[in-house]
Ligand code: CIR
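Just one chain follows, in the form predicted alone, and it is written as structure tokens.
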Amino acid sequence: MFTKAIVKTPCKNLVNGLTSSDLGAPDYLLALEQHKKYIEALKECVLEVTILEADENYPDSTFVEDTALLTSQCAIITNPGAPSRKGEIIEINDVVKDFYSNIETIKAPGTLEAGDVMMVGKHFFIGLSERTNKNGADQLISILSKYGFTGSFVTLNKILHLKSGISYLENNNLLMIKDLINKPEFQKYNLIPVDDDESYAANSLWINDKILVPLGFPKTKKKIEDAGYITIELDVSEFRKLDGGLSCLSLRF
């Protein structure tokens, strides 16, 4: 169970964030409203939320998940693979000191963005992507092993981050896009496939037995509810325009 979350207010420069989508530029004011409702949902899931101020120097900094991996035993400050995001880790390093005594770091030439890291119990699946390289993943596994955790690699082809295409919903349930569903490392789990036309909803978020689900994906929402979960539907359309999803917008611990 999680008790806390860290979020970061979107900045006006959000409109210049990194993207591979053709959905157009995000509406800053609408993004602010959506972010406030996201915070309300975290509080509904009984989390104490730390809200960081916007930083105009980093257009993508509202996607705070990528800057750190927060485990039950330690915090690991990442080294983002996107050059424009590397400076974001300075603030997050200072923030997590309020919560953790054990703080580790990923060092160059390793790159790691925590959107590529999925925790399943004491095991961490690490996506090898354009943003996370093998050196960074090797460093992460070495750090995790010091604290009694394990890790393994997942090769990625068509998605930005591992958690763009897969979410662990606890209770041995994995929600995932069909491009990942045949990977051998996932066959021991209960697999909930996401239809191709709703692939964005694969990034749904388990928080204390509730699932945050993006608005507008009814088939995926029903599958999650049929698996026994209570869902909270949230409109994150403006963050989708920057390849961001529900998990990207917070650090939960």
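Quick caveat, the model's predicted, so the values are computed rather than measured. The numbering used is simple: start at 1 and walk along the sequence shown.
Form predicted in complex with the ligand: not shown, discussed below.
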Tell me which stretch of 217 to 225, 38 to 46, 180 to 188, 57 to 65 has a heavy atom within 4.5 angstroms of the ligand in the predicted complex. 57 to 65
Option touching the ligand, based on a heavy atom within 4.5 Å in the predicted complex, out of Ile76, Leu169, Leu160, Met118: Leu160
Of Val236, Cys11, Ile232, Leu242, the one that lies within 4.5 Å of the ligand in the predicted complex (heavy atoms): Leu242
Would you please decide whether Val7 lies within 4.5 angstroms of the ligand in the predicted complex, comparing each non-hydrogen atom pair? no
Examine Leu251 and determine whether its closest non-hydrogen atom to the ligand in the predicted complex is within 4.5 angstroms. no
If you check in the predicted complex, is Leu18 within 4.5 Å of the ligand, heavy atoms only? yes
Residue by residue through 124 to 147, tell me which have a non-hydrogen atom within 4.5 angstroms of the ligand in the predicted complex. Arg131
